[in-house]
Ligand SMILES: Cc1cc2nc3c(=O)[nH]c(=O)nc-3n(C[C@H](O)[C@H](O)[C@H](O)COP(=O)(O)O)c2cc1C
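Just the one chain here, laid out as structure tokens, in the form predicted on its own.
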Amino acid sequence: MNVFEAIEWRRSIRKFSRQKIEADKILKILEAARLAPSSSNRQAWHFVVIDDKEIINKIPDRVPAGTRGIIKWIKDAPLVIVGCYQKALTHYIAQIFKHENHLIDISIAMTHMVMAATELGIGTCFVGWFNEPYIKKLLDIPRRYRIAVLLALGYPAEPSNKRGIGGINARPRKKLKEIVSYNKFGKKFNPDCCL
């Protein structure tokens, strides 16, 4: 599978089979994150791998009001990776200019994981609804780290096919002309001037 095939085939999987992910595949997924680029090559990230069902089952317990039902499916995931970051000096300097390098870095690394998992036939879903203080306490994550995102992983409950991993159809995407504009020398941004 090439990278474009993985991008086209990837879906947000929320129904997982009971099959555990093999240790060598977990290592490949983590290796993909390790190889990701980062601001000034700081690699100011840390990944907490959770395969303990008791802990995974507690993740939705203290999410923000009204979101518990949204992420209760995470209890079916055999694996959750918590994407943490620790701000480095370059991140603090960048923030003076309102640039969030640390969030860009962790996003790239987590996306590398998703693409590697997809190639291996493993479904993933980013989880943004979580209670950070609660998760940090649950996993004994040091104060100096922040949690950016959780990634649920597992083999899809439904068989994969040409439509996508887990047999899920692609959701509609905007056309390129709706999201791309070209800046020509001397011209200002014009969202109506597209492909």
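A quick note: this is a predicted structure, and the numbers were derived from the prediction, not measured. Each residue number is its position in the shown sequence, starting from 1.
The same protein also has a form predicted together with this ligand, omitted here; what follows describes it.
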**Fill in**
Answer key: of 50, 127, 147, 153, within 4.5 Å of this ligand in the predicted bound form (heavy atoms) is 127
**Request:** Could you spot which one of 30, 157, 56, 70 gets a heavy atom to within 4.5 Å of this ligand in the predicted bound form?
**Result:** 70
**Prompt:** Would residue 20 show up as a contact with this ligand in the predicted bound form if we use heavy atoms at 4.5 Å?
**Reply:** no
**Request:** State yes or no: in the predicted bound form, is some non-hydrogen atom of residue 177 no more than 4.5 angstroms from a non-hydrogen atom of this ligand?
**Result:** no
**Prompt:** Taking the shortest heavy atom distance, is residue 181 within 4.5 Å of this ligand in the predicted bound form?
**Reply:** no
**Request:** Check each residue of 148 to 174 against this ligand in the predicted bound form and list those with a heavy atom within 4.5 Å, in sequence order.
**Result:** 149, 171, 173
